[in-house]
Each structure stands twice: as C-alpha cells, then as structure tokens.
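Below you will find one chain, with nothing else, as structure tokens; this is the form predicted on its own, and questions on how it binds or moves follow later.
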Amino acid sequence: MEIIKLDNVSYYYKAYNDDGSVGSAMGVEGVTLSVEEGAFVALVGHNGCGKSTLAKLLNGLLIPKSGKVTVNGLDTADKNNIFEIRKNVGMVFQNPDNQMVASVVEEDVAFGPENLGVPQKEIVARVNEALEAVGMSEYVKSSPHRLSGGQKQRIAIAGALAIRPKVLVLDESTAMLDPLGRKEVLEVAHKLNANGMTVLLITHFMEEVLDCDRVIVMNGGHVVAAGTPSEIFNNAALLDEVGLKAPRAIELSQKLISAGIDVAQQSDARALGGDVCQKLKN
C-alpha cells in the first residue's frame, strides 16, 4: 500500500531578478514517485537538487504549485487535512540544536503531543515509550543541550515519535554529526523500520543508503532514477551524471574487478579486505 504519493508535483520559490523584479527559482519540477508503507527509502542527490523541498512537501510545510501530494490518502493541498497529515509525518531536520524547545528532555519530547491536545496521562506514556524506542530513557531528566550531537538527534526523533506518526522523515539528520552520532541515529531508524515504521532518509552519505529498500536519485529538481542500492551504485554513468560516488568499498571492489582481480563486489570494507587477503594467500 502506498503511504506517500507525488503525482507530477512542482514547487517554485520566489526569487528576485537582477533588475529587482520578482521571478521564481525551481525547487522541484514534475516529480512523480511513491513510497510503500513500511519501506525504508533513501533520497539522495547533490546540494540544491530539491531533496529538502520534497521533504517539506510531505507534511504540508510547502504546498505544491502544481500536481498532487497525498499522505495516507490525504491531499496536502486541502487545509482540512493538514492537522492529520502532520500527525502522520514526523520530521527531523539537520541541526539538532534548532529542534530543542525545552530545557529538560521529557518536556522536549512532550512538546508535540501537548500541542495536539493529548491528555496528560497519555503524554507521559508516549514520552516514556518514545525515549525507550531511541534508547534514551535514562536521560529523561537531563538537559538536551548537554547531550552529544547523536543523542540530541535521538531526542529529536523521540519528539517526532511521540506524535505517533506513520512516516518518519530524516532530512539530512546525520549531516552535522560525527561517525558515532551518525551510527546511533541510523541504528534507531532501522530499528523503527523493523517495527513497521516507514522511513524516508535524506542524506549525502552514500554509505548510509546501503541497507535501504530503495534509493531515489534527484538532480536539478527532478527524480532521475530509482532502484535498489545495488542497481544505483552499479550504474556508473548515472553516478557520474549527478555527481555522486558509490560507497568506497563498492568503488574499490569495482576497480579491483576491472583490473582482473577476482573479488566479490562488496559494500563492507572489512569484508572486502578479508576477500583480498584470502586471494593473496591463495
């Protein structure tokens, strides 16, 4: 079942020309795609390709200039649907500090359901449930500003989970984190997906998409390709066209194979290293 569907969607930003007149700048144009319920989908492309614009179209932060966006069957252009759509789509953005609204973790996570008018007793249950889901229960009374970047993003994810969405959108949520923080956030995302949550991961780290079900590639505001990670990373012409590189282990194994060295194409650097060492022993 499709939980997200975009049908020929375009969105343009207001822009000013050199002569001071008002013009427009493209965000996305003619985008048609769908995301199945329970899927883990990655959206990739270079900076300015339209990834974040697309993300904001999914929960009504932006309304398409043309075309149609539906979330769980609800049209985002219908103002009567916005409240329900924003309950269905939880958003976590790039900078964790910009998402902190309270000085105590439990209050920060409770912010969303409080604004939805959820009864206090249920809010407490939701906060505890969300913090447990992201592995941050022991920090319930902590100050979020004293946490690491990865921990802050896990709190931000908990805040999104507290509204009990059907879809979690991570918009470059690992971009400002160190490798450990990135690992923490991805582990949470995959755990949530394993429990039935639909996840849309927007990232410029190609290693992060290797375990996704599907990869959507954007360029110049358009969707230019979609497929499994293997299909996308084995398409050298596509990667060159959109200015992306395959994960290092895949790139290296492809070069070894091209050089006549009989190794299996690997997405994991340790597995590739082990394969190469075994070949050397033989």
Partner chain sequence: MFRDVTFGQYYPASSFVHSMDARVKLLLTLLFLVGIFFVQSFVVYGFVAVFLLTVIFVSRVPLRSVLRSIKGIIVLLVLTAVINVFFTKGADAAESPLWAWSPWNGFTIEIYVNGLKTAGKIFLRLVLLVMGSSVLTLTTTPVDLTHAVESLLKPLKLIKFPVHEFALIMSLTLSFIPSLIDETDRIIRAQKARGADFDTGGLVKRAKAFVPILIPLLVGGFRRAEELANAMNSRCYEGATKRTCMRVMKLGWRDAVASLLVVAFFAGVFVLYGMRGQWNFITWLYY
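Residue numbers count along the first chain shown, from 1. Keep in mind it's a predicted model, so treat the numbers as computed, not measured.
One more form of this protein, predicted in complex with the partner chain, exists but is not displayed; see below.
Exactly one listed residue, out of 209, 199, 134, 127, brings a non-hydrogen atom to within 4.5 Å of the partner chain in the predicted complex: 127. In terms of contact with the partner chain in the predicted complex, the residue from 193, 95, 72, 81 that brings a heavy atom within 4.5 Å is 95. In the predicted complex, the partner chain sits within 4.5 Å of a heavy atom of residue 104. In the predicted complex, the partner chain sits within 4.5 Å of a heavy atom of residue 61. Shown alone here, residue 139 lies farther than 4.5 Å from the partner chain in the predicted complex, counting heavy atoms only. Proximity of residue 222 to the partner chain in the predicted complex falls outside the 4.5 Å heavy atom cutoff. Picking from 213-221, 28-36, 230-238, 53-61 the stretch near the partner chain in the predicted complex, with a 4.5 Å limit on heavy atoms, gives 53-61. Not one of 5, 8 and 67 is positioned with any heavy atom within 4.5 Å of the partner chain in the predicted complex. Annotation for 102-126: interface residues with the partner chain in the predicted complex are 102, 103, 104, 106, 107, 108, 109, 110, 111, 112, 113, 114, 115, 116, 117, 118, 120, 123, 124 [heavy atom within 4.5 Å].
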